[in-house]
Ligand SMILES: Cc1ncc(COP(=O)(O)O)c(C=O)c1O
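Take a look at this one chain, the form predicted alone, written out in structure tokens.
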Amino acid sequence: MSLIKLLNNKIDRILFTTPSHNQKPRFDFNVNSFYKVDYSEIEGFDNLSNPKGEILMSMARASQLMRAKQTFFVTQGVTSAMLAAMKTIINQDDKVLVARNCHKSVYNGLILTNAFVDWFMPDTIDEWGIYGVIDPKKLENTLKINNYRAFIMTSPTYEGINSDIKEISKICKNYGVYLIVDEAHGALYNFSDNLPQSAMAQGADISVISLHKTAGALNQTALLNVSYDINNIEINQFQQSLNLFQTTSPSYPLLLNIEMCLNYLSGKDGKKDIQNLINDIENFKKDLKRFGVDVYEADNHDITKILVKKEGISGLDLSDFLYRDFNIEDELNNQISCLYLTGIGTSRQKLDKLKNALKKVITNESYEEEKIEFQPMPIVKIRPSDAFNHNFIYVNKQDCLLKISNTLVLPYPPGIGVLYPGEAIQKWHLDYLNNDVEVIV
């Protein structure tokens, strides 16, 4: 099948996935007019690689909304924003502390910067099968005995878990460590008092935000935010790093989409729609509880991430049941729970369909809830850049224990590595590996 046929076919599915816009513009943006605004850097137009006119002014307005010293528009996703942030901050042979639940783009950044890495394990929430917050006390204990250039973490997580960035920022500053926050799923935070505070508002040095995941913009639209408090780094260095990773032919339609999305979110209609979404989800959760469906709730949790489980059925089976019988597709699932993402574009009718489907879940046999075994602390033997360029051989699964992996084991989504090249293969990993395994020699 060609792409033309694939994308012209009607998708008869109810998607609680990214992007959040539900294939409909929430603000005044006509996709059919793409060609009308698809220019290059012609005379009188600005240049994303060296903005001095309209793009620069638009980014200045965005920086005010983001509470940042400088906000950069990115048309190649949070991945390129994260790579640029890391390239700016991290030098060759620096040592970096990274939360293990970070996206694989961080690992790619470690390769590009030739940095050494130590991994930091977040707390776990066993009864839901997900990673939890970064414990500030554990972080401080780690920073006391090591010298790191930066700490990179994810907040919110895919499931909407928000760490105490304010406290973490204080700790990082006390030890002279730059704090980089992957805030891809927190694009709505600056536009509602009923959602958690943004990373910038809590003192992060850098945050990267995706506008397509929850804010209703198109895929690949993202922001790179730099704090007022960042020390010893010139703002222009971020621009130079971005130019290494982004195309020299940036998309004006995507730049326009970013500006229109931010105008909408900060305006009356956007704030009203965010509050309506929050109200609809609160009512949705109240109804579900009456039917024996558990919905995750906690302090500082992002309500737009709906994590559910039901006694008597595994998360995997629940996902299959809703997809098979109701054409409802979740973003993520595990042995215990299922994640349904919402955002700008999620209607009350869509939530009602999910609610009615969950009410009809019936199991014929008892299911004993399994305890998920989270991955162990990684044993890093070779830094990422060295592993990337190293020779390797194939060995049988039974012979690979404690050998150094050249295989990337990474379920997607969420794009969080189970095993990265350069790490020792532990017994826990063997269930994830094929019979033939790449190991470094």
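What you see is a predicted model, and the numbers here were worked out from it, not measured in a lab. For every residue, the number given is its place in the sequence shown, counted from 1.
The protein also exists as the form predicted together with this ligand; that form is not presented, and the subsequent description refers to it.
Thinking of this ligand in the predicted bound form, which stretch from 120 to 128, 285 to 293, 171 to 179, 152 to 160 has heavy atoms inside 4.5 Å of it?
In short, 152 to 160.
Check for me: heavy atom within 4.5 Å of this ligand in the predicted bound form, for each of 309, 333 and 358, yes or no.
Checked in the predicted bound form: no contact with this ligand for any of the three.
Just to be sure I understand the contacts: of 305, 212, 100, 87, which is the one whose heavy atoms reach within 4.5 angstroms of this ligand in the predicted bound form?
It is 212 that has a heavy atom within 4.5 Å of the partner.
Let me know the one among 96, 78, 318, 262 whose heavy atoms come within 4.5 Å of this ligand in the predicted bound form, would you?
Exactly one residue meets the criterion: 78.
If we define contact as a non-hydrogen atom of the residue within 4.5 angstroms of the partner, is residue 45 a contact of this ligand in the predicted bound form?
Outside the cut-off, so no.
Quick check on residue 314: any heavy atom within 4.5 Å of this ligand in the predicted bound form?
No - in the predicted bound form, heavy atoms of residue 314 and this ligand never come within 4.5 Å of each other.
Can you check whether residue 184 is within 4.5 Å of this ligand in the predicted bound form, heavy atom basis?
Yes, residue 184 lies within 4.5 Å of this ligand in the predicted bound form.
Give a yes/no on whether residue 412 approaches this ligand to within 4.5 Å in the predicted bound form, heavy atoms considered.
Within the cut-off, so yes.
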